[in-house]
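Below sits a lone chain in structure tokens, taken as the form predicted alone.
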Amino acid sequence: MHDPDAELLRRIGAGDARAADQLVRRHLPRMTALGRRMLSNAAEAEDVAQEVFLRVWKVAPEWRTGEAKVETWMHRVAVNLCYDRLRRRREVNDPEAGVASIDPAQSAPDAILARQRAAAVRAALDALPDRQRAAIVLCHFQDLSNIDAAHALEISVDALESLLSRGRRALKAALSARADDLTGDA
């Protein structure tokens, strides 16, 4: 298994600041995106991404190449950190939601429709159980292969595919119900 980040991690473990910078530039956008999709909160997503990289620095000197791909391990850490935050939210009942970005090239009606669609998808994704949400985010938003996503979630590929199937069905049902509500078809 070729791991393009293994050499960077070895160099980080040896104190190479350039390697650390390169790893951050390579993976920060994906770690932050994963956090945003799991948590619906940009500030918390940035905190999760920072914590992922802090853990990278801590494990770099002891990293054993070949046990897992660095990126897969980073996704696993990010998902676990998101799970922790989601658990804490449920404990304190924090319903904070993220804000959809606006494309300045869109017309006002198109921008409104895009925001409504994004909000509907966000709400449907947020309503999924944590493990289904993580499977959907890793495979469909982070573009991990099923094998890498299964490793990140520490489950079998069959279990991942089951989570994906259930998650897709739930998303489809939620979005269909929402579309019916908006059009008056019920």
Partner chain sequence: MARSEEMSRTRMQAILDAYGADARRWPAEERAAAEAWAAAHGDDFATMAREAQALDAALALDVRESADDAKLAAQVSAILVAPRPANDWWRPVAALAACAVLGVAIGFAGAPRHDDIASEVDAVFGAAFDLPGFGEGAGG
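Given the structure is predicted, the values throughout are model-derived calculations rather than measurements. Numbering follows the first chain given and starts at 1.
Quick note: we don't show the form predicted together with the partner chain, though the next part is all about it.
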- Query: Would V24, P61 and D158 all count as contacting the partner chain in the predicted complex, using a 4.5 Å heavy atom cut-off?
  - Reply: yes
- Message: Is H140 near the partner chain? Define near as a heavy atom within 4.5 Å, in the predicted complex.
- Response: yes
- Although the partner chain is absent from this view, report whether T65 comes within 4.5 Å of it in the predicted complex, heavy atoms only. no
- Query: Does R122 make contact with the partner chain in the predicted complex, using a 4.5 Å heavy atom cut-off?
  - Reply: yes
- Message: Check Q132 for me: does it contact the partner chain in the predicted complex (non-hydrogen atoms, 4.5 angstroms)?
- Response: no
- Task: Output the sequence-ordered list of residues from 18-50 with at least one heavy atom within 4.5 Å of the partner chain in the predicted complex.
- Result: A20, D21, L23, V24, L28, T32, R36, R37, S40, E46, Q50
